[in-house]
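Below sits a lone chain in C-alpha cells, taken as the form predicted alone.
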Amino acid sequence: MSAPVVRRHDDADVLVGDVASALLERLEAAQARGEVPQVGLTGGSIAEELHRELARRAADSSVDWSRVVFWWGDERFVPRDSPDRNARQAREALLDHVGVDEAHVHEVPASDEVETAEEAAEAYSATMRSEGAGFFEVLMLGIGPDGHCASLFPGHPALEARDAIAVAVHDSPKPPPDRVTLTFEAMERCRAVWFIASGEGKAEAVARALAEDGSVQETPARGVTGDETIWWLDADAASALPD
C-alpha cells in the first residue's frame, strides 16, 4: 500500500468537481476492462454535494450506472424512510437519477426490517460475502471532527473487531446511537480509499490522521488505507497541515 496522497482544493465546489471527475474516470476505466466496479458510498453534506454533481454529469459520462455495485461504509440503524439514513440521502441525490440496477444496490437492513443492529450487521456481512467482489474499486469516507470514519469512533469497542465484515455500534457519541459499520479489515480491501473533507471544523482531525505519529484509538481514520489512499480536501480542511 502506498503512502497517502493529499489533494488540496481552493474551496468545496472545486473539491466536489474534482472528485466527481476522478470517480467517473475510474468507473469508466473499470468498465472498459470488462469489470463491474464496486463502490462504497458515505454520508454527510459534502457527500451529498458530490452525489448531486455525479447525477448532474451522468448524461455526459460513458459510465453505465446499471453496471456499478453500491455499498455503504456505515449506516444509521433507523427506519428505512428516515432522513438520517445515508442510503436515503444517496438515493435522493444520485441513485434515483442515473438508472442503477436495484439488484446492485446493497443497503444495510433498517430498524423496521430487523430487530437489532447486530442482525443488520450479520445480514449486511452475508450479502457482502455473496454479492461482493472481495474488494472495492473505490471506498469513499468522510472524517468527523473527532477523527472517526464510517461509524468507528475514538476509543469505541468496534475498533477492535476482527474476523468480521460489519459490526453493530451502540452508544455512538453522535446521534443516532445505534449504527452498523464496516470494520477496518473490510475497509482495507480496496483498490482506492478516498477520504473527502471540507471545512475548518475537520482541519485538526485531518492533521492528526495524516501525522507521522498517532493512535488509531484516538483517530480511527488513521486505520484505513487502500492500494491507493487519497485525501481530497478543501483549503479549510487542509489548513492545519504543513505547507
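One-based numbering along the sequence shown. What you see is a predicted model; the values in this text were computed from it and never measured.
One more form of this protein should be noted, the form predicted in complex with a small molecule, which is absent from this view; the next part is about it.
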The small molecule in the predicted bound form has a heavy atom of only one listed residue within 4.5 Å, and of Ala121, Ala158, Leu139, Cys149 that residue is Cys149
Taking the small molecule in the predicted bound form as the reference, which of Leu210, Ile46, Val69, Met187 has a non-hydrogen atom within 4.5 Å?
Ile46
I'd like to check something about Val108: if you look in the predicted bound form, is any of its heavy atoms closer than or equal to 4.5 Å to a heavy atom of the small molecule?
no
Taking 4.5 angstroms as the cut-off for heavy atoms, does Arg52 touch the small molecule in the predicted bound form?
no
Do Ala166 and the small molecule share at least one heavy atom pair within 4.5 Å in the predicted bound form?
no
Residue-level question: is Ser125 within 4.5 Å of the small molecule in the predicted bound form, judged on heavy atoms?
no
Among 72-80, 94-102, 108-116, 158-166, which stretch has residues with heavy atoms no more than 4.5 Å from the small molecule in the predicted bound form?
72-80
